[in-house]
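Below, in structure tokens: the form predicted on its own, a single chain.
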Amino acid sequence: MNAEYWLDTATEKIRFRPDRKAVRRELQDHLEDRMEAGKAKGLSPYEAEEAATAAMGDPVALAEELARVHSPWWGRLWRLSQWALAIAVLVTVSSAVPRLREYLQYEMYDPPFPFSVEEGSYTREFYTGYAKEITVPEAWDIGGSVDLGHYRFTVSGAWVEEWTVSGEDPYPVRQLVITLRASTWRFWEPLNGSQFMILDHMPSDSGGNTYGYDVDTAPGEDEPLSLFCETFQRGATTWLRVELNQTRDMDSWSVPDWVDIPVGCGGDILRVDLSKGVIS
């Protein structure tokens, strides 16, 4: 598909012109990077363009998603009120900061899931009166960061956890957990699920495993391994808990060297390399 046609189609439903220009510029940068990568591999300019637009996904579906995210009314309102907002913030910051700090600290000490854990075990309270003891045989510290648009992604924690699902037919669960931290200086536009965690592209790992959607029962041999994502947001920072479920064939499973997690409307890939301890 022609790159200009792909860009026009992907952004045509964003009615607020400044947003449309900014999104088009960002998507164009992604396309050009992919085209250059294709040429470096020996593809002709035409082949590189075709491969790049195919990798970016369906522009019609992307256009619908971008139209929902970029409301023209919010954009116009922001344009008109940005100076008034800045003045209001400067006037009220001295009295608001102490209370805001107290509120944030309370929320940060009580998130819905742990951001990182150490080897051994921990107790997770899913809701009042229901807690589960979870074994952690292995954990990693992951360094580095990746910038996607105006979001910076880092890894807060990565570990393996195990427990047994009780019931009439109990079965063991083993999953690799990765918590991603996405922060932005644009506090009015924090990360949210509709923008970045679009799971029609499934994660994969160095062992050739592909992870599908979360299921309520243990997957069979012909089903993909399951995937589940929780989010926690405070201010301009969002945490994503990505669970890569290893219920199937527990005896033969081993920790992968790396995991590729797709994020973003453009299909960007975050590689969490457990063997090297970095995100890229």
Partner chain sequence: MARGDRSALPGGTAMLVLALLQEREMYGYEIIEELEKRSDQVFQMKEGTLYPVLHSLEKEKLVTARDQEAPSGRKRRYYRVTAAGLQALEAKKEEWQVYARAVTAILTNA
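Residue numbers count along the first chain shown, from 1. Heads up, when I say rigid core I mean the largest set of C-alphas that superpose within 1.5 Å between the two forms. Owing to the predicted nature of the structure, the values given are computational and were not obtained by experimental measurement.
This next part talks about the form predicted together with its partner chain, which is not shown.
- In the predicted bound form, at least one heavy atom of residue 66 sits within 4.5 Å of a heavy atom of its partner chain.
- None of the heavy atoms of residue 229 is located within 4.5 Å of its partner chain in the predicted bound form.
- Shown alone here, residue 62 lies within 4.5 Å of its partner chain in the predicted bound form, counting heavy atoms only.
- In the predicted bound form, no heavy atom of residue 47 sits within 4.5 Å of its partner chain.
- A single residue from the set 225, 240, 56, 255 has any heavy atom within 4.5 angstroms of its partner chain in the predicted bound form; that residue is 56.
- In the predicted bound form, its partner chain lies within 4.5 angstroms of at least one heavy atom of each of the following residues of 5 to 25: 23, 25, in sequence order.
- The Cα shift for residue 36 between the shown form and the other one, taken after rigid core superposition, is 2 angstroms or larger.
- The Cα position of residue 61 differs by 2 Å or more between the shown form and the other one after fitting on the rigid core.
- With the core held fixed, the Cα of residue 274 is displaced between the shown form and the other one by less than 2 Å.
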